[in-house]
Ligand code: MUC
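One chain comes next, on its own, written out as structure tokens in the form predicted on its own.
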């Protein structure tokens, strides 16, 4: 008899951050992860993670809704189904449930983790094979304090932990944000690249003003300056300035990517498992981008180690990404719930080794941080 999915458990885990993390729409002092434990009839357990930013401040899914919708709607679609055909199970979820991309990503991760363990292969090997063993990782400076951000960046450089930095802006007036960013870029000079993420906070006229000033300050990349739905506006901005635009919330899947490319977009795409519904969806977008010569960036929703490892296995199957990755989520947390943390070294992170994701839970830590 074929192996089937027997049980799916979801757990809310609250982990404090090492400092307040200021975004345009909220400030985070804690990250809540939805941990999926998927048990199969052959005794294998697959792990997955669904994580978003700031409850409902960022998008339509919250940790609580992810857990509720998996428990109520998505898990019943999978229980009793054969374990190994991940494509068929993805199609089943998409046929009977709209949206809920973070929840679907967590379940697909758990399916692939279990299948890798079953076959003695890493998730990257399941996806076609490893092309990168070590991936560069930038660090987001988001304390909101210019001096603190400069000191933090200099420390990361000294530690050889990060040499690329991103600043979250958009919560303050444009002139104030530009002064903040320009001061940090001036302090770092040629030792590090500096990018910004506006998180959709500007309208197009404000973006023209802000981007020009940021370009003059030597900023290398502008992430999602205007609303995600304003594809034509993003194309106009990309064609108006020399500094590249990075589409993030505006490019959820391969269809969005094709729409931007056909519209004349010439910037870069941020890949995220959470917005594309999992590893396969994110790689479909990556392949569309590669065919059009669009640069790639490995994005995050500040996942913990399980979600970050899943992303690393997907990115490892791609050629070197033009804009690197931001897979620093575990480093923003004061503690972890895994036995062996990821190995961050030499301005990047090593791909976890072993079958599946190569990650094991620390049951004591999990119990301690579990939401009661």
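Numbering follows the first chain given and starts at 1. If you're wondering where the values come from, they're calculated on a predicted model, not measured in any experiment.
Although it is not shown, the form predicted together with this ligand is what the next lines describe.
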(message) Looking at 343-351, 39-47, 325-333, 311-319, which stretch has residues with any non-hydrogen atom within 4.5 Å of this ligand in the predicted complex?
(response) 325-333
(message) So in the predicted complex, is this ligand close enough to residue 223 to count as touching (4.5 Å, heavy atoms)?
(response) yes
(request) Indicate whether this ligand has at least one heavy atom within 4.5 Å of a heavy atom of residue 272 in the predicted complex. (result) yes
(request) Evaluate residue 178 for contact with this ligand in the predicted complex, applying a 4.5 angstroms cut-off between non-hydrogen atoms, and reply yes or no. (result) no
(message) Contact with this ligand in the predicted complex for residue 53, defined as at least one heavy atom pair within 4.5 Å: yes or no?
(response) yes
(request) Just give me the single entry in 162, 166, 104, 117 that has a non-hydrogen atom within 4.5 angstroms of this ligand in the predicted complex. (result) 166
(request) Taking 4.5 Å between heavy atoms as the contact cutoff, choose which of 100, 83, 300, 122 touches this ligand in the predicted complex. (result) 300
(message) Within 4.5 Å of this ligand in the predicted complex, counting any non-hydrogen atom, which residues from 239-263 show up?
(response) 248, 249
